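Take a look at this single chain, the form predicted alone, given in structure tokens.
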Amino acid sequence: MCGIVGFVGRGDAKDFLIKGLLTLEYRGYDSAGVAVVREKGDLEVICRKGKVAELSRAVKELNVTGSCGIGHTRWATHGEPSEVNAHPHIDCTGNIAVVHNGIIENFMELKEELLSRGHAFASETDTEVIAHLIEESYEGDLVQALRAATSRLIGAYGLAVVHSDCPDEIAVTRKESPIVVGNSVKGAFVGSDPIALIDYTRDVVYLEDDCIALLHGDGKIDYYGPDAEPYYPEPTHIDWDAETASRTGFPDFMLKEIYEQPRVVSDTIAGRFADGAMSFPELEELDSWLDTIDGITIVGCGTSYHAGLIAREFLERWARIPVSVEVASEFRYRSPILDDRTLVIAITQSGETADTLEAIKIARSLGAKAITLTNVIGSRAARESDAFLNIRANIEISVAATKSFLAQVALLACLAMHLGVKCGKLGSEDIARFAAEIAAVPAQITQILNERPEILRCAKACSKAHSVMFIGRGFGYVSCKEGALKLKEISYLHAEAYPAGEIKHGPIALIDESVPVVVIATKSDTYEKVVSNIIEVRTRGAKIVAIATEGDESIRKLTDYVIYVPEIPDCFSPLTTSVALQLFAREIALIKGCDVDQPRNLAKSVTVE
């Protein structure tokens, strides 16, 4: 959830550190800091609460120079957001600095032990114990000291460490928290996210658990396995478009990424359809095994979970295989019934979501095979699964997922068609029809983007509400769940989604003139039922915003506001209605003065439990 950067090489480390931390701002944070080994051999640590811009000013004013350093953006877990709790943390001697992502579960026990031996602590964090453990083990070998310290840790960690005695070295390691390293003629780099490195190198190594990398100022990187023996990993090439990390004229990343969705859907489905057949070369090794499956379990968190709910509809309709969809954070504490005939589909935008990673481990330990859909080639989820499908959404900066959600849904639709063919439930004519229908979606999304003035009018009408209810049926209900989540995430306005047929079983008691109701009423087999539900809430005084199919004029007589979307087969409606709801949530957030890219208390990637 936090961000780590580090550089050792030719040039001023602070320039890379500040730029890298700015690049990682999208992950969410409350404080930031850097540690630089100065040319004269001492360690300078500067931390500030708030934005990286504050840290940048302080670094400039203090004229911090040196060619080796580490930096961090912190999202508070242990200890309130403050300058004293910000990373990097140092040891008693002031020679060692550590930055850390993750949670150390046994830190209190370790802290008491260290205090009893005379160590002094400055912060409330779990991270500070690591600096003191390294201090006790250091005898001139930073790698050995880091290995000794981490052997005492229980929990998750991504670590980067510098020592004033080693002005041209950074030692890094990880366990269940992402770390990537890379090098160029300028030196060696480390980050918790490859986006921090892509301006300097496109070939990176995703460090494995319990491995250590030692970065040198000449650009060389030494790798040591869990057994302390050297090893030589193959780098992964990152082909992300660096321009995606800038707003390029848009007022915020969220709007930019919403506008990228037509291209993203096109990229996601490209090459999947050929001559009435589906193409999934990534699944070739599982091909014969997929013929034997008798159940599918989908795991994900947040928006990815919602994509999984939509996928269940696809899979059960087209492949006729029973599907369960699980919140990954709950799945890992259940006793799931899985075996060697169960396919597990894990959905994670970052590929590093802690709960989803654990769900993959559990599934495979029970004999199931796992396919992961993620946006990050080389991510841990991709590496630890039996197969990996790239959603091809490119870098997503805004914390609230938009284009990655549509990419997930589009790819899951293609995967469901593929399994439908394998199960003998779909033929070449079905695939040709579906291919034409989904190929039309990018242009339909573009039409919705032209509806922004009407969406703004609806948002203004709802912005002063204390709560918003979303209702729909079938695919519309799942789209409502994602729409309600978007509204909560970025506007801090309470919102809940309900199946429209369930409102009489309790939720209708919440409705009065102060609670707007957003209804997905697009053309479908349940349209008439949804109209009946609209009448029910209207008689309770609710203000109604409908998402309706273009040309449906009758809906205007029953509602206060209408946002039109192009006519589309119901199965693909989440790919269009969700775009309207993304824009609706964004407009309300802006009216309320909220930061749509970095909403409070949230991080882009949840890499701790």
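All residue numbers refer to positions in the sequence shown, first residue = 1. Since the structure is predicted, the reported quantities are computational estimates derived from the model, not experimental observations.
Although not depicted, the form predicted in complex with fructose -6-phosphate (F6R) is the subject of the following passage.
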Should T372 be classed as touching fructose -6-phosphate (F6R) in the predicted bound form when contacts are defined as heavy atoms within 4.5 Å?
no
Heavy atom to heavy atom, is S164 within 4.5 Å of fructose -6-phosphate (F6R) in the predicted bound form?
no
Verify the contact flag for S192: yes if a non-hydrogen atom of it lies within 4.5 Å of a non-hydrogen atom of fructose -6-phosphate (F6R) in the predicted bound form, no if not.
no
Classify T73 as contacting or not contacting fructose -6-phosphate (F6R) in the predicted bound form by the rule of any non-hydrogen atom within 4.5 angstroms, answering yes or no.
no
Given 77 to 85, 221 to 229, 479 to 487, 530 to 538, the stretch touching fructose -6-phosphate (F6R) in the predicted bound form at heavy atoms within 4.5 Å is 479 to 487
Identify, from the list G187, P262, G302, P507, the residue with a heavy atom within 4.5 Å of fructose -6-phosphate (F6R) in the predicted bound form.
G302
Contact with fructose -6-phosphate (F6R) in the predicted bound form, heavy atom within 4.5 Å, among L283, L426, V399, I103 goes to V399
